[in-house]
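This document starts with one chain, in the form predicted on its own, laid out as structure tokens.
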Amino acid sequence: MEEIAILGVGMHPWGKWGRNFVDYGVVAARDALADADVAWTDVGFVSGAITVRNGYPGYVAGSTFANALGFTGCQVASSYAACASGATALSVARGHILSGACDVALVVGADTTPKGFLAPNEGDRPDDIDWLRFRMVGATNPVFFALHAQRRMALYGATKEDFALVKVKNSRHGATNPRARFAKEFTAEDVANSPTVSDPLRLLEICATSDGGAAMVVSSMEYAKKHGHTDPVRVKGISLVTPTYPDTVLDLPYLATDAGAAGDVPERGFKDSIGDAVYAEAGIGPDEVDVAEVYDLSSALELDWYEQMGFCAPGEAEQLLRDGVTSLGGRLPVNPSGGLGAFGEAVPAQAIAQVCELTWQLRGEAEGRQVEGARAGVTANQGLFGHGSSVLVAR
């Protein structure tokens, strides 16, 4: 796959601002355009990541953001893939660029979230598996996070103390990030003293729901060179894979797994395959990655990603954490932004925000949290309903 260039990135700070999601996306988009030194009128395509909680404007995010910035006749598209929406929107933009349909594109996502758990829209929908898992099983997202934490404890001997160390690390990373919602360091004692939400996970180990926005300006390599971007950060790989049958690990909103007896169990599971695909496309292996932003919906899930993205063998994530490998100053810092623990979930924006962070890291612009000498970075931000999501960028 040919590369595309990241010319500019922008982000609206995460928080609970109580405004329309479009406001956050416009701020992020204008910041990205300014960072790229690209005029809005030069953008040929807007790829919007959908937010389903904001009615019609959220469902047609590409057109909504184009309208807010001022219609220019550019082409638009909108993508929904739950938490993978941002990576999907980037993939659509890449396809437009590589096909020759446009030279430069804007990718943007933003969200305004409700208080409390993310949940399906109101109304009775007994044929909707996401509605069923809330209404019939009571399996909110923190229940799902806790099930995976319990699985990790049973398989590999992980402890509550290990999960707390992830939060401590990420809070230390995010404490100096001006765009983070919770720019504060927490200690293991703070975590232990926070209330249990879904055993074994405590409040400080589960990400909040947040408002926020993120955007990128991407282009062909030819356009970048012509406009003075001689060494841009490049998108080398995007993974949007789906599971392979039989899928034997529980992944909400699905309420059951495939039986391993029905067919040969794949050597690599669904989440492992997300990283496999992005590395194969990029031609870069996990041992060549310098920095990662992964989907820490809970502290325990971050440990799973260490193994699923190939940073270590199964069962070795806790040791990687304890040895400081994934901390700033270690061999492979993970979530130097502070991760979702510091930001919270703004669903259509977060996969884009991860790439923004990696872009700042590879440019050497992540003040206060810089990974020295970073040349390649990877994201993991899986979406529910069988959506893989990973982006690999490099210089």
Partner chain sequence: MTVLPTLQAVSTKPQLPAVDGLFTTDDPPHLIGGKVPGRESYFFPKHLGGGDPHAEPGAELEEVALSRRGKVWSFTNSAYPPPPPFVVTEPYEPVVIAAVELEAEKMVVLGQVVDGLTVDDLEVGMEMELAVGPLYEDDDNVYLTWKWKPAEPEAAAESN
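Since this is a predicted model, take the numbers as computed values, not measurements. Positions refer to the first chain, counted from 1.
This next part talks about the form predicted in complex with its partner chain, which is not shown.
ask   = Thinking of Ala175, Gly324 and Arg331 as one candidate spot, does its partner chain come within 4.5 Å of a heavy atom in every one of them in the predicted bound form?
value = The answer is no; none of Ala175, Gly324 and Arg331 reaches its partner chain.
inquiry  = Taking its partner chain as it sits in the predicted bound form, is Phe117 in contact with it (heavy atom to heavy atom, 4.5 Å or less)?
reply    = Taking the distances in the predicted bound form, the answer for Phe117 is yes, it comes within 4.5 Å of its partner chain.
inquiry  = So, Thr159 and its partner chain: in the predicted bound form, are they within 4.5 Å at any heavy atom pair?
reply    = Because no heavy atom of Thr159 falls inside 4.5 Å of its partner chain in the predicted bound form, the answer is no.
request  = Would you check, heavy atoms only and a 4.5 Å threshold, whether Ala262 touches its partner chain in the predicted bound form?
outcome  = The answer is yes: Ala262 has a heavy atom within 4.5 Å of its partner chain.
query = Heavy atoms within 4.5 Å of its partner chain in the predicted bound form: does Ala146 have any?
reply = Because a heavy atom of Ala146 falls inside 4.5 Å of its partner chain in the predicted bound form, the answer is yes.
ask   = For the chain shown here without its partner, which stretch in 314-322, 126-134, 277-285, 295-303 has non-hydrogen atoms within 4.5 angstroms of its partner chain in the predicted bound form?
value = Of the stretches listed, the one contacting the partner is 126-134.
Residue among Thr72, Thr187, Thr242, Thr196 with a heavy atom within 4.5 Å of its partner chain in the predicted bound form = Looking at the other structure, the residue within range turns out to be Thr196.
task = Identify, from the list Tyr80, Tyr254, Phe270, Tyr223, the residue with a heavy atom within 4.5 Å of its partner chain in the predicted bound form.
result = Exactly one residue meets the criterion: Tyr254.
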